[in-house]
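Heads up, the chain below is alone and in the form predicted on its own; it's given as structure tokens.
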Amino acid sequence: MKTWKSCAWLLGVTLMVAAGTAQAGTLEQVKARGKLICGTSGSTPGFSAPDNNGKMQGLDADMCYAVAAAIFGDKGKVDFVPLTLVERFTALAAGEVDVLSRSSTNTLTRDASLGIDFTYNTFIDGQGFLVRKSLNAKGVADLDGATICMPSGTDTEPNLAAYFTKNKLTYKPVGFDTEPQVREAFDAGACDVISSDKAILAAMRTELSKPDEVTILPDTISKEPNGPWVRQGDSEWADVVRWSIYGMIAADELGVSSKNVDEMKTQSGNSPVLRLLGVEGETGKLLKVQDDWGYQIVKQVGNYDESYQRNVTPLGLPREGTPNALWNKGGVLLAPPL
């Protein structure tokens, strides 16, 4: 099993390096196709998972809805492709999806060697631990000798190895290709602990058979800046994706929401607001998207805070006091000037 996975990973890396010089013209391809193809998890509540009507919901999904709204003036013109942790980067580099919006940490190795580029932070997280309350663990120091389930092909494995070695702790790792497999193994008693990004742990907890019997330890052993990725070498497309994210954050900064955007468009005297909503300037022309791309994003998807409160807060992860707050409210998220 491990040999097969190693070969698959090497093949994937080879394909990604071969595709390293990405095809230019993704924006033109998306326009000609009439829809955006977004690679995502599809099984992570709060970030990307279908609702009762089969419509994809979540913070990661909203980033793709925003790009579609900017290009077409219609957030519905997007198809979501569920990708596992093993498949995600290969699928993007090979052109199977236009953008990857799926809990994927920005690292030097990925940015510099896989033929893909990180766009911007949409959720800054850290690696943590979900345990059964019956374990009576108060911190990572109490996990010596534990069996730990985790997603394979992520930073989780090396982070865990480094932390436990440094702190002279032992553990037995059990890896799986997808988060649902990790959750099911934990539910079946195959391990004592799950280790992953804390947002992923919070999402998994909502789907465990006995969520009231588990807790997430307070320790955080890494920094995990997540956000959408695009293929390397297509700066025009990267600009569209990046500014769609910036548009949601800028609206949050400027107090423009889906509820007041029509009023702000006609009555605001603030130039940055008017530029965001397409009343002043030619930002849409510069990006080769809708003239009112910012208005369409806010009207149809909402600003960053609306998306966060709608999707992430219900997981028990408040935004206030975290890096995901705005730069002027104690966090690090910001949008460059329009």
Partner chain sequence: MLIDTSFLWSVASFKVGFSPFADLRLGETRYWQVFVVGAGNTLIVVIAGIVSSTLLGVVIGVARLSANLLARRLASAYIETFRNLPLLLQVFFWHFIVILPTLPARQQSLVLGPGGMLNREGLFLSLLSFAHPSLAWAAVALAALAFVVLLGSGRAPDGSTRHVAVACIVSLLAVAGLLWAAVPSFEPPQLARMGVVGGFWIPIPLMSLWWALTVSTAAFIAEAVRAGIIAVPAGQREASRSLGFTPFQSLKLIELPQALRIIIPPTISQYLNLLKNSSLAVAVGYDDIVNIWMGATLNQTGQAIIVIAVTMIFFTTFSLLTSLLMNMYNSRMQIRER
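In this text, all values refer to a predicted model and were calculated from it rather than measured experimentally. Residue numbers count along the first chain shown, from 1.
The following text describes the form predicted together with the partner chain, which does not appear among the structures shown.
Asker: Pick from 242-250, 201-209, 159-167, 97-105: which stretch has a heavy atom within 4.5 Å of the partner chain in the model of the complex?
Answerer: The contacting stretch here is 159-167.
Asker: Could you spot which one of A185, L83, L254, A238 gets a heavy atom to within 4.5 Å of the partner chain in the model of the complex?
Answerer: Checked against the cut-off, the match is A185.
Asker: Note which of G73, P225, G153, G128 lies within 4.5 Å of the partner chain in the model of the complex, where distance is taken over heavy atoms; exactly one does.
Answerer: Of G73, P225, G153, G128, the residue with a heavy atom within 4.5 Å of the partner chain in the model of the complex is G153.
Asker: Would all three of S113, D144 and G175 be in contact with the partner chain in the model of the complex, where contact means some heavy atom lies within 4.5 Å?
Answerer: Yes: S113, D144 and G175 each sit within 4.5 Å of the partner chain in the model of the complex.
Asker: According to a 4.5 angstroms non-hydrogen atom cut-off, is Q181 in contact with the partner chain in the model of the complex?
Answerer: Result yes; Q181 sits at the interface with the partner chain in the model of the complex.
Asker: Even though the partner chain is not shown here, does A93 get within 4.5 Å of it in the model of the complex, heavy atoms only?
Answerer: Contact with the partner chain, yes.
Asker: Given that the partner chain is not shown alongside this chain, does F118 nevertheless sit within 4.5 Å of it in the model of the complex, heavy atom to heavy atom?
Answerer: No, no contact at 4.5 Å.
Asker: Report yes if any heavy atom of I216 sits within 4.5 Å of a heavy atom of the partner chain in the model of the complex; otherwise report no.
Answerer: No.
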